[in-house]
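We begin with a single chain expressed as structure tokens, specifically the form predicted alone.
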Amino acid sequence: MKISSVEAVPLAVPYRRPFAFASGVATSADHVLVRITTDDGLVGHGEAPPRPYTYGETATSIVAVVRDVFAPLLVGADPFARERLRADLARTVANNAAKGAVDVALWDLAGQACGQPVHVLLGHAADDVAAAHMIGLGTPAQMVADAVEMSDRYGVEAFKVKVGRDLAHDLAAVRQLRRELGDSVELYADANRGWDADTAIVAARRLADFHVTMLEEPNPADDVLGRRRIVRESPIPIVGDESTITLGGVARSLLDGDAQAISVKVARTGFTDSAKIVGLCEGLGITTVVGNQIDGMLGTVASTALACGQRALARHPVEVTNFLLMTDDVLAEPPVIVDGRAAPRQAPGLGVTIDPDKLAHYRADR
């Protein structure tokens, strides 16, 4: 079996409402669908959600690098030769979301060829996982309403709260969330690099009063000494995310004392490097959690498969609900959240089918 073609299709699907965080705001899912076809007719899919304010990628740049740089390396190759292909793609620096989508598509192909779901190929650590929901920036009342809806309608009991703006406003939102949701619900916070180190230290101490379990990316990643000071003085664990976007970056961050836990995202490290990161962290006794890049439905399916495939990830709630922000998507069957849990698909590969009518409607290049 050989790869016969590689496509990158830009999509534009509106959100029901904007999703705001300290480093940006998203108003639509301007994602890229990567499709890799083999000479025997199998088609693997991956989703690349560009985040220019975090990784420097746009939908246009992802399409270009997949079409002009990655496709010539992939066409004619064995899709099972992921390590060789990973090394080939690594010669092009950055382009994390583009590489992640290619890797996901290759695993989708491998699962289809073997007749096994991806989560089984990854290790089949769990049959389902607890779902976590990201709450975007807004007024305290808006943020509480979002959380209550997810709790009442989908049974979600873990929430990542976006913070990183005015500290008093952030604390007011967390205070109201804790009051409305009760003590049994997990809250953890993500500042998206929005505070300086001094503010982050104060914030961490105050957040601990509301039983917030972790604080993600409290200050700019290039403020190395500030980050280490936060880690030393914070009463809650500091999580690396945007500052730890590669396997080597994770190793440096942990060895330098910049983080005490790591958020893993299929959207930027695919399945291959995500599993490597989890293994590295497991060996060092470091907690890993599955994060969300405001993924669409395909990315959500992939994140669920990763979490159910890796024992260390299956222990913690997985951020898999934000596809619900989208008014629609190109998958024929959307993901399902029931009683606060998400289960992987049982069909070979990722088990997804692209709806051709929806693809034609939402593609942004025609």
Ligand code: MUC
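Model, not experiment: these values are computed from the prediction. Counting begins at 1, following the sequence as shown.
Separately, the form predicted in complex with this ligand exists; it is not shown, and the next lines address it.
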item	value
Segment that reaches this ligand in the predicted complex - one of 143 to 151, 190 to 198, 105 to 113, 79 to 87, heavy atoms within 4.5 Å	190 to 198
Listed residue that, although this ligand is not shown, lies within 4.5 Å of it in the predicted complex (heavy atoms), from T38, S28, S61, T54	T54
In the predicted complex, the one of S243, N219, N96, Q293 near this ligand [non-hydrogen atom within 4.5 angstroms]	Q293
Any non-hydrogen atom of H133 within 4.5 angstroms of this ligand in the predicted complex	no
In the predicted complex, R227 touching this ligand (heavy atom, 4.5 Å)	no
Partner contacts in the predicted complex for 158 to 175 (non-hydrogen atom within 4.5 angstroms of this ligand)	K160, K162
